[in-house]
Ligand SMILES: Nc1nc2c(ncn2[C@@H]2O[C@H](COP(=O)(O)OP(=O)(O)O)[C@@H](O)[C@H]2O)c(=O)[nH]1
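Okay, so here's just one chain, in structure tokens, the form predicted alone.
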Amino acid sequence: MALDKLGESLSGVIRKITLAGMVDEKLVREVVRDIQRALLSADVNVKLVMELSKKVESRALKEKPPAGLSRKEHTIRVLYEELVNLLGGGEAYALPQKARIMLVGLQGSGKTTTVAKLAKYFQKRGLRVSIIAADTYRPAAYEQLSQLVEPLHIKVFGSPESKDAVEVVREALTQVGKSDIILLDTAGRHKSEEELFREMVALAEVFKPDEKFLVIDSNLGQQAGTQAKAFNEHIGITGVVLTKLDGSARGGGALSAVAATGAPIRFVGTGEGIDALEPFDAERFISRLLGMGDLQSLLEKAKETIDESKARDILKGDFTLEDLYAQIESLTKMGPLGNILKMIPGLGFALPQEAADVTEARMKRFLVIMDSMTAAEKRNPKIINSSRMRRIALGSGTKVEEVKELLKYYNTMKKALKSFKKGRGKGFPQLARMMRGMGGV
């Protein structure tokens, strides 16, 4: 079960609590069983699941709700807090203004791609980035890294012919110049490869990293904790980057297992693109997983593609097809519109599945259809009757059914956003109060 499925299951738990007539012992026990099934299906360790279950049940039934929160809201808050604790809690990664960052990990964990993703992440935030390629074992490792960051115009230092990684790093450090962030890519290794671990220690002595990031494939599940422990014992890692979290059926196991070692999760890979990397924040992550949204992440993500005023326009709910057209052009860079809208607190409960499933390909088709509309039609979609639909379909090379699909999607979005804006989404008023009680939006 991938994390989106886990999110659906946990959102279902929230929905059950929100729509229940009252919170009693029977409901709490049902909810706890649902949570157990969801977490175990995501490969979370049985012991951790049982510990979380006991805490949720005990706190939901015995604790007195804080002032201003109902028993329902308190129960949701307890679930939220215990899930955050399961993932380690703690503070989110603070952006350094100057740092040497060494990346280590197993072969095939996505380490080299992660170096490129981190390079773009730091560059977008105005920092000067350089990369040292010290993987002298894997063929064409230097070339792959250079290709990945070529569009960013970031310099990769290294020697493709050399087999001495320590010497490569020593020489590269004399060439990097005035860089704010220096990223070091190292060879992949396994916990039993003592010779490679000794090289890793030697590289650290020469490079003198401020951060030592361990890159782990989320598909390892609970074994991610074992790897995190082994690397930490050898080199003292300061953070973990979990890759392939978007499609991993064992992502929950990887997240919880790493957190259980005490190693802070710093970033998560959420896709294959070079932009698909996010700083990990347990509170934001759980908020999105539970369908409570994450406005802060939405606005941060939007800042990278559109200005903040436009990002806030998305939240108003009274947009026309002209507005939708402009937003789709920018939002395709941020992912499916349904996923973006799910970051809005409370909207996850009102958002129909067909709206969340809109793909980038369908969005682009929508743009083509809207290109065949008149300005009046885009400003006032209500005037689009059957004859206008036929004309629009003919002009865009599509079918009438596809024009209807666009209008249905537009109306669904408008209705959902209007419901959110007025606080009429199922459970929204309660969730809004609960999130304020947690220091959220």
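Residue indices: 1-based, along the sequence shown. On a predicted model such as this, the values are computed, not experimentally measured, just so you know.
One more form of this protein should be noted, the form predicted in complex with this ligand, which is absent from this view; the next part is about it.
So if I measure heavy atom distances to this ligand in the model of the complex, which of the stretches 78-86, 93-101, 243-251, 256-264 falls within 4.5 Å? Single hit among the candidates: 243-251.
Tell me, out of 146, 179, 327, 270, which residue has a non-hydrogen atom within 4.5 angstroms of this ligand in the model of the complex. None of the other options qualify; the answer is 270.
Quick one: of 136, 227, 112, 222, which gets a non-hydrogen atom within 4.5 angstroms of this ligand in the model of the complex? Exactly one residue meets the criterion: 112.
Contact with this ligand in the model of the complex for residue 106, defined as at least one heavy atom pair within 4.5 Å: yes or no? Heavy-atom contact with this ligand at 4.5 Å: present for residue 106.
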